[in-house]
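What follows is a single chain, given as structure tokens, in the form predicted on its own.
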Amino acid sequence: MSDKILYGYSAIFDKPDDIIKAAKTVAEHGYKKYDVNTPYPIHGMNNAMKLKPSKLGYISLIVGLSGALAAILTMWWMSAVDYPIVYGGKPFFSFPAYIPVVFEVTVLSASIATVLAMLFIFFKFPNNSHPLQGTEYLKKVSSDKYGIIILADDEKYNENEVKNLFQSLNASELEPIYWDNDEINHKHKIFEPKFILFLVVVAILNSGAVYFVYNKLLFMVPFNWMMEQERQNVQQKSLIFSDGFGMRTPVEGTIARGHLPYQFYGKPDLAGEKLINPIPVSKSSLKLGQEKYDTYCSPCHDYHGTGQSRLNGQFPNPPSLHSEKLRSWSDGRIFAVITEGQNVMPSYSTQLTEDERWAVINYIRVLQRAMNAKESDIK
């Protein structure tokens, strides 16, 4: 063994209490470079060894905070500078909405940095050799024994003193551990051509597999079930119903939740007696009524309700909304006409909701009052 370089001296113990005592004693003797190997975690070992916090946490913290800052700046730039859009009255930089994304980026970047630091810095990947690999010591401490090793480059290392210390602790076995030549001559091989080639091959295989899955496999039976679903698309011909229509009318007699059906079909005079306008006259309701009136009513009734159609004779002119008859109608009676239609006027129940119809009636009352103003209105 004279041509071998000593890595450290190891001791084997049979009981967990013995390894705890050994670790504590070694730490009290001032040794700094030593390690304990056990087949399973032993409670209290960190305190016995007087271990300092791992430096790996600093890497996770720095990269995690950097990821959080990068996510915030990126979203701020996109939302407030490069392409500002108002969503629901929120400010351009709405930080509460960004918290989930910032959290995920922080965790993801810290996790990836931790794994990469462990592999490439602490474990010297792609090199995976170590002096303990393949030794009898490692085989025993991986099974049912407990071991401790003091490294030869410790400031206080003296082989005789280390042996005497282990013997005083009643170690069952003592064994020197020597460096492996591969480990001694190791240099980081991240940029070694073979390793780079390996990464390229993995990237090509992974890209090919992803392309095949998303562009070919998902279109093959039976993997195309998400695309070829047994469903009825809008306006698609149906092979189930005898009339061939896929879009079905609601079952007769059913009532939509939160909706009361119109009960006065064919009874406009009764509707005029029973229905009361539930929409109060306000600036907002009149604005809504004017918008809907100008869209759906003005082509025939014109913007002022005079009946002078804007269709230039292409459709029969309706009666004026300012006649004595229409001004004497109740809101419910006008609502019946808008809902059911009358003469050549079609129903607008599908174009206008109930509230919109009542708002239109409010606006019609404004037009009627404006065209038939009283002397008190002028004053």
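The numbering used is simple: start at 1 and walk along the sequence shown. The model shown is predicted, which means the values in this text are computed figures rather than measured ones.
The form predicted in complex with heme C (HEC) is left out here; the points below concern that form.
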property	result
Heme C (HEC) contact in the model of the complex: residue 352, any heavy atom under 4.5 Å	yes
Contact test in the model of the complex: residue 345 vs heme C (HEC), heavy atoms, 4.5 Å	yes
4.5 Å heavy atom contact, residue 338 to heme C (HEC) in the model of the complex	yes
Contact of residue 318 with heme C (HEC) in the model of the complex (heavy atom, 4.5 Å)	yes
Check all three, 300, 325 and 360, heavy atom within 4.5 Å of heme C (HEC) in the model of the complex	yes
Listed residue that, although heme C (HEC) is not shown, lies within 4.5 Å of it in the model of the complex (heavy atoms), from 296, 98, 265, 195	296
Sole residue of 334, 36, 59, 68 within 4.5 Å of heme C (HEC) in the model of the complex, by heavy atom	334
Interface segment, criterion being heavy atoms within 4.5 Å of heme C (HEC) in the model of the complex, picked from 46-54, 59-67, 27-35, 309-317	309-317
